[in-house]
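Look below for two forms of one protein chain, each set out as structure tokens: first structure 1, then structure 2.
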Structure 1
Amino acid sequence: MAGVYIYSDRMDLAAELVGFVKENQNSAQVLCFTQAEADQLTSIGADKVCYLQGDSPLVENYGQAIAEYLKQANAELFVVGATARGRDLAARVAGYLDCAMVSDASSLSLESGKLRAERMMYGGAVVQSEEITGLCVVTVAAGKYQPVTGSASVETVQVTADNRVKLLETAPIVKEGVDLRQACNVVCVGLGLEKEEDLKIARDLAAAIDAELGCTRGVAEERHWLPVEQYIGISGAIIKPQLYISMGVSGQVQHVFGVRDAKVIVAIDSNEKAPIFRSADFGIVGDMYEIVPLLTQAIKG
């Protein structure tokens, strides 16, 4: 069956990808590799759930099987959820198909077999547009499309797994920081902060407005003053708070990419030409060591 084929190891993301296909009035077939996944996927609005049944529990072992299945099905497009495992699988499948691949598309449209995709390049400094005809593989991150609902039947197809990948051990990832993606308010410190002890003025402001503390990459990765989970930007957390207040953050594109969906952006920086002011709803030019304690005091009343 021609049309668009979808895979994600995250069920919620698979549902969003079906939403994209349905927005474009195409038929959506969702792939999965276990009966449990097949059962969950029947209600996300796909036209069909294709359960590729083999003797491996690991999706990593099905790259070649997927490529053969897509060829045989005359698929137009294979859309994969951009998770760590999804990206890995997408590259394998594109390799076996020897076809084009677009990584982490920020927007997609599909018209008469022609795919138009946009993706950020150079850390978000430019947007690249690509137009592709013929079967290709695309990865898409969560949060781009609205999920839909609807019921689908499951078709089970026997496939051969390539059992070279084996699971030896699993261990939980120990996360030290807070989950900034859920935060309603965020205070963000940048390299304008002189000493680690000075984090106190940011923490005091955060406490006054019930905010979580975030930072720029350098604060976490170079100075190690906050856990890496707490840095915001294209390679860190992408946040959507109601209020974001930056202190001593210059506002380079890689950072601003992570806060552009904040409802209100307030920037405090001593350099009036700092790029953060171009993204800010309210800007305060001055020394944060003077301004932030005054602001905290004023908020506390």
Structure 2
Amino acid sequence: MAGVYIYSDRMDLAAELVGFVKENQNSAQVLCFTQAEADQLTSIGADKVCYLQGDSPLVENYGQAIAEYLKQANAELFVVGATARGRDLAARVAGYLDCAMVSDASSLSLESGKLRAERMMYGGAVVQSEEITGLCVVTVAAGKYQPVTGSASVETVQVTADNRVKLLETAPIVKEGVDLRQACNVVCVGLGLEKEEDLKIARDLAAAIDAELGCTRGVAEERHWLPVEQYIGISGAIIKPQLYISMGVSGQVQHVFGVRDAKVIVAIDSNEKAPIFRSADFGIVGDMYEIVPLLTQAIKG
């Protein structure tokens, strides 16, 4: 069955990718590797759920099987959620297909067999545009498209896994921070904050607007004031909140890359030449130690 094929190990991201396909008026087939996943994926608006049944618990071991399946199905495009597992699988499939691959696309359109893709390069300083004809593989991060709903049937296909890699042991990663990607509002602190105790004024503001607290990389990895899951930037969380408020954030390109999709950006900094003001919708030049408590009080009424 020709069309666009999708895989993500996160159901919410799979639903967003189906939304992209439907937005471009193409048929969407979602791949999965367990019956439990197949049952969940039937409600995210795809035309079909393809349960590739094999004997390996490792999705990565199905790279060659997926490539062969896509060829037989005459697929137009393979879209993969840009998670750690998704990026690994996408590279394997593209290698077996010997086809083009676009990593972490920021925008996509598919028309008459041509894929037009844009992706950020050099920390977000440059936008690269590409046009690809023929089957290719693309990875897309969360927060780019609106999910859809709808029911789909499940097709089970027997496939052969490459079992040269075995799963010996698993251990959960203990995460301390919140999932900023799901936050509607975010308050972010930077190195302009003088001491760890001063996080309280940021937390008070966040509580007043029902926001999550984020930070720049230096706050998490150098000062260790907040968990690494809470730092925002090109190598951290990429967020898309309705409202983003920065406090003492200089606004280097690596950080701005992580907040560029925010609907409204508000910057508070004492340096009127701080780069963050170039990306802000609203800027307040002044001492955040004076401004933020007043802002919090005003919001609380």
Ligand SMILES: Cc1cc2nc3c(=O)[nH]c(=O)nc-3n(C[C@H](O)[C@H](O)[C@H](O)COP(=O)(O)OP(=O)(O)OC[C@H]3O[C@@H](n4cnc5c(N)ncnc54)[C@H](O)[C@@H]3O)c2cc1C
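Residue numbering: structure 1 sequence, from 1. Nothing here was measured: the structure is a model prediction, and the numbers come from that model. Each form is matched to the other, and the largest set of C-alpha atoms that superpose within 1.5 Å is called the rigid core.
S.K.: Kindly point out the structure, among the two, that is the form predicted on its own.
M.R.: Between the two, the form predicted on its own is shown as structure 2, not structure 1.
S.K.: State whether the rigid part containing residue 19 also contains residue 134, for the motion between structure 1 and structure 2.
M.R.: Note: residue 19 and residue 134 co-assigned to one rigid part.
S.K.: How much does the smaller rigid part turn between structure 1 and structure 2, counted in whole degrees?
M.R.: Between the forms, the smaller part turns 21 degrees against the larger.
S.K.: Give me the C-alpha shift of residue 207 between structure 1 and structure 2, core superposed, in Å.
M.R.: That residue's C-alpha is offset by 9.4 Å.
S.K.: If the rigid core is lined up, how many Å does the C-alpha atom of residue 228 shift between structure 1 and structure 2?
M.R.: Between its two positions, the C-alpha of residue 228 lies 3.5 Å apart after core fitting.
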